[in-house]
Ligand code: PXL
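The chain below stands alone and is given as C-alpha cells, in the form predicted alone.
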C-alpha cells in the first residue's frame, strides 16, 4: 500500500453540516463565520444563503439588507438535501443544520417547509430577531413568523440577551433572570437552550446559561473587553452545530462552543469598521 493509500484508508469521513444564513460582506458574521467555524471544528460545511447584508459606512454602519429570491433559496435547499440529505444514499448524510438570519416572513416560510420535508436530527436556531436598518413593521412581522414557524422545529436554541428577553417575555438583569429565561424558552420550544448573557450582564465574567429540561448549568469565562464582538453569536451556534454533528451531547456541545468563542474573542480582528470580529482560528 502506498503512503497516500494508507493515509486515505485511515482518514474518516467528516460529518456534514448546513448553515442557512445570510452573507455578511465584511466576513465577520453570518455564513462566512459559520463556514470558518465548521472548518476549524473538523466538519464539512455547506452554506445556503438567504440574504446579503452589507454594512453601510456612510450611514453609521447600518445594514443594507438584500433578500435572495425565494425560488433561489428553495433551489439551494433542494440541491443540498438531494446531495447530502438523510436517505439520499450519499456517503455522508446531512442530519444537522444551523439556522441563522432569515430576514423576512417569506424566507421563513420557505425554510420552514424545507426543514419539515428534510427531517433533520439536529436543528440549531440562532434566533436573529432584528436586522438593524429594517423597517420596524417588517422586523416585527419577521420576528413573529420566526417564533411561529421556525422555533417549534428547533432542537437547540442560542438566543442572545435581547432575543432571550423577546422569546421568554422576561426582563433579564442578572444571572438568575437569565436562568429563568432559559427555562421559559425551553418550555415554549422543547429545545435545549443556551441563553447568552455575554457582556450585557454586570460582573467580571461573560455568563451563558444552558438548560435542556433536565440540566441547568451556568457557563462562564472572564470577560474580554466590555463590548460585543461581531460574529460571536454566529460562531457559538455554529460550534454547537458542529459538535452535535460529531455526536456530542447538547451540554458538551455548549461547553465546547463557549470555549471556542472565548478564544476567538481573545484573538479578535480589528478593521476600519467601528467593531471587531471574532477570529475562528483563535483556539489555535
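Numbering follows the first chain given and starts at 1. No experiment lies behind these values; they were computed from the predicted model shown.
Heads up, the form predicted in complex with the named molecule isn't pictured, but that's what we're talking about next.
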is_contact(residue 258, the named molecule) in the predicted bound form, heavy atom dist at most 4.5 Å: no
Partner proximity in the predicted bound form: residue 41 to the named molecule, non-hydrogen atom cutoff 4.5 Å: no
Partner contact for residue 63 in the predicted bound form: the named molecule, 4.5 angstroms, heavy atom: yes
Contact label in the predicted bound form: residue 53 to the named molecule, heavy atom within 4.5 Å: yes
Segment that reaches the named molecule in the predicted bound form - one of 28-36, 213-221, 66-74, 240-248, heavy atoms within 4.5 Å: 28-36
The single option of 101, 157, 146, 181 touching the named molecule in the predicted bound form, heavy atom within 4.5 Å: 101
Contact residue in the predicted bound form, from 128, 201, 94, 123 (heavy atom within 4.5 Å of the named molecule): 128
Partner contacts in the predicted bound form for 209-248 (non-hydrogen atom within 4.5 angstroms of the named molecule): 234
